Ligand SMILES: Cc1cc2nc3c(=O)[nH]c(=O)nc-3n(C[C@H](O)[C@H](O)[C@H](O)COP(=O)(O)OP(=O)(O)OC[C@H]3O[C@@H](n4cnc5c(N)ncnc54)[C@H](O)[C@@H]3O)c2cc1C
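As a starting point, one isolated chain is supplied in structure tokens, in the form predicted on its own.
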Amino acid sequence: MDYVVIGTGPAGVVAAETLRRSDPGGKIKMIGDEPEAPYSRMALPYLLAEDIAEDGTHLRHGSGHFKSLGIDVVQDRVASVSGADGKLSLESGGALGFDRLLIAAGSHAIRPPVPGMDLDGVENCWTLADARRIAAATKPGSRVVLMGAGFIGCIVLEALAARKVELTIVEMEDRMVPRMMNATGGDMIKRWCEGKGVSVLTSTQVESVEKAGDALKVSFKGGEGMDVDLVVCAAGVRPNIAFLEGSGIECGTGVLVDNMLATNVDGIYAAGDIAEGPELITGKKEIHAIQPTASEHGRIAARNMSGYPTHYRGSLSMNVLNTLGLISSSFGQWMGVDGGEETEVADAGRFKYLKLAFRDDVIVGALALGLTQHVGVIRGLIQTGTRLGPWKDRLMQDPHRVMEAYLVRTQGSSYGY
């Protein structure tokens, strides 16, 4: 069997290794379009913060790891895929045939349509090459504007703060991490950052970036501007699906997959940030661009590719973020579901917040800020769909009793009665 994996991120690497275990005699090629060893993008902020060296970003260590497994790593870019013919073409001019194909090509960073975003001194933080340029351009006291306070932006924020730069965050939405936190949580994170010396401008849009001598002038809509040494854009990402045009593979925002992570074309699967598949709670097709989901996708897709049918229950949105020492987390349908109920408790002065969302007597989503002790329990209750019975009403009164509810409903403990 000839297997081809497009992508050398977590989904692709886990898939290739799983294929080798499942099919010891199969031929496996893994294609990556960066001139780097396979690495984790989520490790780049730790590299910028100088907590790790470059090899600390690598997903696997040792130059002979993939060779020892009989996995051929190809550094090239896939130009097109022909699903009907079982072939793909490479930008270098070559072509490869396949019996089974996994598309794990990930996403690319995007920039808003703002004049000046193509100037030198405007960077993304999405690749190792990006991280190298940001490190070279910053030192203690450097003036930096970070565009975007989403999940990725806040991870980059942490790294830039560690570099002791003079940092201004610009977010066009009305709060920080708007897709991860509601107004209560997002406002707490903003106040926390401001208390740590970071300037945060929400409901603010960058209108233009211009050269101003050796600096860059960043102008805001309806307001003043500021001179900076560097602009880092963390305005979002999009799945790498352009090369699939004409392939016959159905795409929405990403590559559409079913509960086997299979596409509509026989023998072709997708995994990771590019895969738009069933969500655990609603069943709607969504993209959850997080490393745990990517790794699980890779494992399950590879098993199905190699003849070991494995059903995927669906992905769960889950994010845990450390913002200058303040831990926040969100899980599942934290914004609530139709016909459901919600409960929350907040202590703004101590930066503590907990919200639970229910469907009937099942927790389907949660937000937590400044609270870490029960995060794993909450995630487990959501993932297993545990029915809480009378404990649902108790949690509506006091969400902090979630550990008691877990022990009673899953371990048979009488604790709390």
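Keep in mind that this is a model prediction, so the values were computed, not measured. Residue numbers here begin at 1 and follow the sequence given.
The same protein has a further form, the form predicted in complex with the ligand, not shown here; the description that follows concerns it.
Novice: With a 4.5 Å heavy atom cut-off, would you call D76 a contact of the ligand in the predicted complex?
Specialist: D76: contacts the ligand in the predicted complex.
Novice: Given that the partner is absent here, does I6 sit within 4.5 Å of the ligand in the predicted complex, heavy atoms only?
Specialist: Looking in the predicted complex, residue contacts with the ligand include I6, since a heavy atom lies within 4.5 Å.
Novice: Can you tell me if E34 lies within 4.5 angstroms of the ligand in the predicted complex, counting non-hydrogen atoms only?
Specialist: Close contact exists here: in the predicted complex, E34 approaches the ligand to within 4.5 Å, heavy atoms only.
Novice: Whether G186 contacts the ligand in the predicted complex should be assessed with a 4.5 Å heavy atom distance threshold; does it?
Specialist: It does not: once the ligand is placed as it appears in the predicted complex, G186 has no heavy atom within 4.5 Å of it.
Novice: Which is the contacting stretch out of 223-231, 286-294, 341-349, 172-180, given heavy atoms within 4.5 Å of the ligand in the predicted complex?
Specialist: Going through the listed ranges, the match is 286-294.
Novice: Note that the ligand is not shown here; using its position in the predicted complex, name the residues of 256-273 with a heavy atom within 4.5 Å of it, in sequence order.
Specialist: Residues within 4.5 Å: A271, G272, D273.
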